[in-house]
Every structure is written in structure tokens, then in C-alpha cells.
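A lone chain, given as C-alpha cells: the form predicted on its own.
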């Protein structure tokens, strides 16, 4: 009953007309990459997930996984789908050619790949997404022996990867983790401790699972400054014995490396995605990166996964919208208040009702605005690698600032969209047969994963905006201000440019208020952070919609562009005004919540 079509036309528009994706990454080592290649990847991946992943999504939700005697067995349909993805190279698009990858720009895997995969089967998509993150950290920071032995199998998805941070007593506050790493004479370490909420920590989809584990070496500094990062495989090489990985085969030992799973969580959604309690009992591990520098390295992976989590919000919001829209076209209830639209039918379809249109348009327009911001962010991820500081430094600053916004705003909207689309479908939306209730259950974790959205908001307001005396914000405000000035006298652009100008000025003023008041009273910044993050997200989407409108005004009369113009008008008239209320809430300060007597809760 579930339908989905890849929004490839949207990406074609974004990558070719709103942003010059191919031109933007010239000189970054992607000489063989052009629009034809990107288009081929999008078409092939969209076809693959529609044919292979979409049919197993409901199966995974219904069957779930089986945990028995420390082992997790996945549905056979998942194993078959994953194997096919490995064989066809779909998990290695952005990996380096020397490791078996295609060497494609990050923008494809981080954006288009992520949305299509999440829309069709979020439970499966998280495994290759995590593995890619492990591969990237290892390829960038691992010693040559580690890279030579592990990178190839991780790049292709033959082996899977996880990141192990959270402990029963240490979630957001990782400085108090207790997992130990005791050094061995051969240069390896013995890792001991327990990690919880480890996605795909145990499963039977691959021959080996490679864990990146945060742990502390005895005698190191206190808190997060004493944390190091270790690569800990489930299975060691069969012939390994002296700590060296050079010149040995990839044959694996029959016994696990002191790594065991003692449970898999029963969850609201993602029933076919294992969430494990992992125990490390003197497991052999190798240091990745410098000693006591584990947090910066793990944050590299976490920030990539935060962007991936944001795409989960968009992906499930998109498939929820598509199914609610299809339902609305077929569902007939009542008549248009201005007169029957389909007099030969017993009733009009529910698209004639203003409130149904409100719900669908909120879903559609937020999805499309987020997709535009995601496309820009994907291009910036590649530009970060440039040797030219005039390219790489602004890209790094913008990605740092966009990461908490993409994670928090996209997932907030994704949850709202899935809920709204259930509402559009009424009782049918609440029934499993139609799929949308699963999308709601699955997407709900996205607001919690990789640091809750409240933490993302604090990161944005308390760190990312103020870094380098506001350098990151300036990298945004310069092109945004230039755009506003360029279109100040364009009457056709006035309906988009004026509210964008007001929003940009408001963002500057609210930011100054947050920083100024927050220095005197940290509760002020913390109390307004979530509203500030949403305000900021809306301004970024307004910038995207204004840029889209400018292009579409030149092509009026063509249905695709007319639809985009109508969507831009809906955004500025029906969504963007919420910034006024957000500003009022921020300005109210922490008093209404912090002065509330604890005994009265």
C-alpha cells in the first residue's frame, strides 16, 4: 500500500540551477565527475531502493529481529537486500577508489543517497551510514596498517562499523565514561567496559563488525581531555599475533575478540535496527589518532552522523507526504464549501478542503526547503577539503553552524510532517496497513539520536554562533546580505526579499540578545536556545526559498517552476511568520520557567 517516487527532479533543479554543484567542486579531485555521472547515480540509487528496500520496510517492522544467546539474527529479506547493495557498490559511492569506492563527491552520499535510503527503509539505511562514518575517520586518522587492513572492507560494506560512546551512567556527559584501555607491550590496548544504545552493535549482516570505542587510558587527564579513540573488531585476524596487521590475510578468527552483546532494546520504532548493550572484556584494540584526542575525532564522525540524522527527518517526511497526498486524491468526503467540484461523484476528494491543503502544503514546502538547504550543505562538505583557504574556511564555518540546525530543524519538521500526514489520512493514517504510522514511529528517534535536539540548540547558540568572535555567522550573513541587496529594487522579488530582509535583521538582533544576555545569565541562553534554533532554521529556509523564487520568476508559465513559486509564497505567508512568535518567546527570558517553584511541578 505504500508508494514512493524519488524526488530526482527536485535534486536536478537544486544541483543545476539553484547551486552549481559540479562547478562548485572543480579542482577538488573530482575531475571525472560531471552532471551525467551524478544523474546516473541518482537514477540508479532511486531505482535500487524502490525495488529492493521499499518492499522490505514493512517486513522489517513486522518481523523485527531475534536476540538469542548474545546473537542477533536479522530478517532474511534484510540480509539479501544488504548483500545486493554491497555487490552493486551502492555503499561505496564516496569512498576512495584505492579502497574499492567510486570516489564520488560527498554531496551525493550525504544528501541524495541519505534521503532516498531513509525514505524507503530507515532501519536498513543506518547500517551503511554508520559504516561510512567509521571508514572516513579511519581513512583520515588511522595508521597505515589499520587503514590497509580495515578500510577496504569498511568502504564497500563487506564489514560493518559502529561508534560506541554512551555508557549506562554517561550519555551527554562523556567526560565521566569508565571504559578503560590498558596498553599492551605490542602497541595494542585491552579495552574493558560497557556501552549502551549501540546501533547495529551486533547482527549477522556482515562477517565482521568494527567498533570505534571511546575509552580512557589510566593516568590520563580527567574529563573529556583524557578520552582516546580505539578500533575494536568483533573478530581479530586469524593469523594476528604480534600487534602488526601487515602482510596478513583477511581470514577471521572463529572466536570473538572479547566483544559480546547482552541485550537489544525493545523500541517504539525501527524494529529491524538493533540497539544493543555491548560489553568489551579485555578486547584487543588499536589507537586511532593521537592519545587523549578521541573526542575531536569522534565528533568528526558524530557531526557527519548528525547531518545523516537530519536527512532521516527529511526522508521520512517526504514519503509520509507522498502517501498522504495520494490518499487525499482518492479519498472523497464532503463538498467544497464554495460548491461541488465533482458533481458526478458522491463527494469531492478531500483536497478541496482548506485545512487538508494547509497540512499537505506545510509538509511539502518544509520538505522542499530542507532539501535545498541539504543540497547546499552537501556541496560545502566537499568544499571543506579544498587546499584554498578562501574556499575551505567559509565551508568549514558554515558546515559547523549548519550541522546542529540540519539535525534539529529537519528532524523536528520530519516528526511534525509524519504526524500531520497521519492526520490528513484520519483513521487510516493510524492503521498499520497504510504505512504512515510506521514512518511516525521510525522518525521519532531522530530527535533523540546523536545528541538530542535540545543539545543541538545549545551547541548552536552557545558555541557555533560565537566561534571565532562570530566568524561562522559572518560567513552566512555576507552572501545573505548581498542577495538581499541585489534584489532590493526588483519588484517581482519584493514579496520574498522583504520578509527575508526582516528575518535576517531579526536573526542578527536575536543573536546579539542571546549572546549579550547569555554572558550575564547562562539561563537566558539555555532557555531560548531551542526557539533560537528554530528561528535560525526558518531564516535559512527563507533564504533557500528566495533563491528558488528568483530562478522560477524567469520561467513563469512552466508547471514545475510555477509550482515552486507557489510553494515559496506559501512558505513566506504561512510558515515564516512563526519567527515573530519565536522571537517573543526568546525575549521573555528564563524567568517564566526558572522562577517556577519546583514544588509546583
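Numbering follows the first chain given and starts at 1. Small disclaimer: the values here were computed from a predicted structure and weren't measured.
Form predicted together with a small molecule: not shown, discussed below.
Contact with the small molecule in the predicted complex, defined as a heavy atom within 4.5 Å, holds for exactly one of 452, 262, 509, 481, namely 452. Of the listed positions (224, 275, 420, 156), a single one reaches within 4.5 angstroms of the small molecule by any non-hydrogen atom in the predicted complex, namely 275. Among residues of the shown chain, residue 267 is one whose heavy atoms approach the small molecule to within 4.5 Å in the predicted complex. The small molecule in the predicted complex is approached by residue 198, whose closest heavy atom lies within 4.5 angstroms of it. Although the partner is absent from this view, residue 166 contacts the small molecule in the predicted complex, with a non-hydrogen atom inside 4.5 angstroms. Put simply, residue 144 is far from the small molecule in the predicted complex: not one heavy atom of it is within 4.5 Å. Checking 352 to 360, 288 to 296, 198 to 206, 409 to 417 against the small molecule in the predicted complex, the stretch whose residues place heavy atoms within 4.5 Å of it is 198 to 206.
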